[in-house]
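Next up is one chain by itself, shown in structure tokens, the form predicted alone.
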Amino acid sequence: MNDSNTFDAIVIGAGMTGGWAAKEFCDNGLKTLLLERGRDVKHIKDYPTTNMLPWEFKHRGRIPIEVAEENPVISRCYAYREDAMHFFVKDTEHPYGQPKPFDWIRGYQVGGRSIMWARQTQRWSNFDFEGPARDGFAVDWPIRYEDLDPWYSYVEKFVGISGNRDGVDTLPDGEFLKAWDLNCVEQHFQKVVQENYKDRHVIYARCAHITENKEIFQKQGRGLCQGRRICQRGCPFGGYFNANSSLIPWAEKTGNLTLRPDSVVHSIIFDDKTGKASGVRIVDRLTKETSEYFAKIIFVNAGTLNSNLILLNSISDRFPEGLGNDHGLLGKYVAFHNYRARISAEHPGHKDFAPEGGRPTSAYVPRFRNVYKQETDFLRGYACTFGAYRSLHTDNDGHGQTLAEHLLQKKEYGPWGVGSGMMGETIPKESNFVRLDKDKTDEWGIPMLNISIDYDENDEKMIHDFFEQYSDMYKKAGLTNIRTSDSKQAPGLDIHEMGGIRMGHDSKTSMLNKWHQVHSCPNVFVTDGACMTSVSTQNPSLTFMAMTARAANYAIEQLKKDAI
């Protein structure tokens, strides 16, 4: 060891959760090494398309056919378009095994997928944390809502969350900035649902967008959201939250951060003498040279499946099956969100109104099935989006001044359309797992990850119920031409994979304790999606961030006490 490769803390992964860990450590005076396997991406400087106009794109925003054919997985992602394709991992560059079809959507760069995420941010409630214990699946969460409540607030104030205080017990209120309004058709649906169902709510979706100037955002150098709706390019205003515009620059200003991009983590080094991890072994992405770095605390935030990969590949005499894997649990009980089911319709009313301007999101319907009691033949439930829109038809006849006048003056609107997409909770199962390939390695000599994850009967029943319930709700709202569809998409396209290194009370049935420490290696923490015991129905990113801030501050306290 020497001073140049020894730190107080090492954080693996410079995305959303890794950025939070680094910020907390640096704010508290810890010399921190932040490792990222991909290239560096600096806020604004490395957003090459952020201010481009539609006609400046060679393919007008579309992915060329040959690129899509070479990359069938990533091409299915909604945000993989010409304006943001440089932020996504191509299938051809980082292959993985699929014993069962799985669409693994990745972003290997500083900032990770926080650059391209959909920015929906809802808190969990105790209905979610108590779910496994109540419903008899997985293992009991070792924490409850009360443990995360102050950390949700802590994160929300820094990130900037737009929303209303809705008073919904399944979706706790938070520290909100002012929200956008629902449009008139969304308000109509909200009123109908409120009048017909006591247990159902239509709210404006909470999202990570700045709508009010506050000192904390000014200190970050971030401005108001402009409603451009091209967030996946990276926002030059910093109007939405990503790690590049906020967490990482904040940590760098302390002088305590060393950011090392192009660092592919091979494994965590375990010291048999101390019974703790001593550091991290990396392979340089460009030179393929191996290096080792050392620290008292290691946070694993590489993204759910890559965090599993790193622990599985961290083999020692003490842990021949992977770090902390005493009972063969590592890599198992992975779950995700079921996004297959959709419903759409037309609204015959409000013909004198049309939407103007842009909003970053739309309405949201929190989970209402199996909340207070078990009322269906499937476990758990689903949340749902709801959006109303009206297509605009323009007259493009003529040319020159005539064409300009037609485009500006001859506007004709089509009927109102509405649509909803289900976000269903899947049940963690031992049969949904990831493991290392015994023969194949990537170009850095690291075993390829094999992903074996699929749907089950519970998911199919949930889809059927969603179609029934929302068809009924749509009919009550007077909507017509109601159409249901099942995309049959593979797991993974939800981009909400979770688990494999789950939390729990008992080291025999879980990998992590209530502070996210590996039970049998307490100076290693996992706070990204891999730590999740179950997946609930809410978008998970806000919970990941709150968990990371909580665990990082606990680690700092333990380090000060020399107890770690």
Partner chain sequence: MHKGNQMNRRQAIQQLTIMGLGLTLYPSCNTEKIPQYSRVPLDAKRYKLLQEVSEAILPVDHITYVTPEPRSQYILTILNDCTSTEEVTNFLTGLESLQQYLTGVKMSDLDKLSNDDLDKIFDYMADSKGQDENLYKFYRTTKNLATQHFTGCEKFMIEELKFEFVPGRYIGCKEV
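Every value quoted in this text rests on a predicted model; they were computed, and no experiment measured them. Numbering follows the first chain given and starts at 1.
Although not depicted, the form predicted together with the partner chain is the subject of the following passage.
J.: Choose one stretch from 244-252, 123-131, 97-105, 391-399: the one whose residues place a heavy atom within 4.5 angstroms of the partner chain in the predicted complex.
T.: Selected stretch: 391-399.
J.: Three residues, V264, E443 and I495; all within 4.5 Å of the partner chain in the predicted complex via heavy atoms?
T.: No: none of V264, E443 and I495 comes within 4.5 Å of the partner chain in the predicted complex.
J.: Any of the heavy atoms of N51 lying within 4.5 Å of the partner chain in the predicted complex?
T.: Yes.
J.: Is T480 one of the residues lying within 4.5 Å of the partner chain in the predicted complex, judged by heavy atom distances?
T.: No, T480 is distant from the partner.
J.: Any chance P64 has a heavy atom within 4.5 Å of the partner chain in the predicted complex?
T.: Taking the distances in the predicted complex, the answer for P64 is yes, it comes within 4.5 Å of the partner chain.
J.: Using a 4.5 angstroms cut-off on non-hydrogen atoms, would K476 count as touching the partner chain in the predicted complex?
T.: So K476 does not count as contacting the partner chain.
J.: Given that the partner chain is left out here, which of G136, G357, G328, G167 has a heavy atom within 4.5 Å of it in the predicted complex?
T.: That would be G357.
J.: Tell me, out of Q190, N370, N183, T484, which residue has a non-hydrogen atom within 4.5 angstroms of the partner chain in the predicted complex.
T.: Contact check passes for N183.
J.: Let me know which residues along 319-351 have a heavy atom within 4.5 Å of the partner chain in the predicted complex, or say none if there are none.
T.: Only a single residue, K351, comes within 4.5 Å of the partner.
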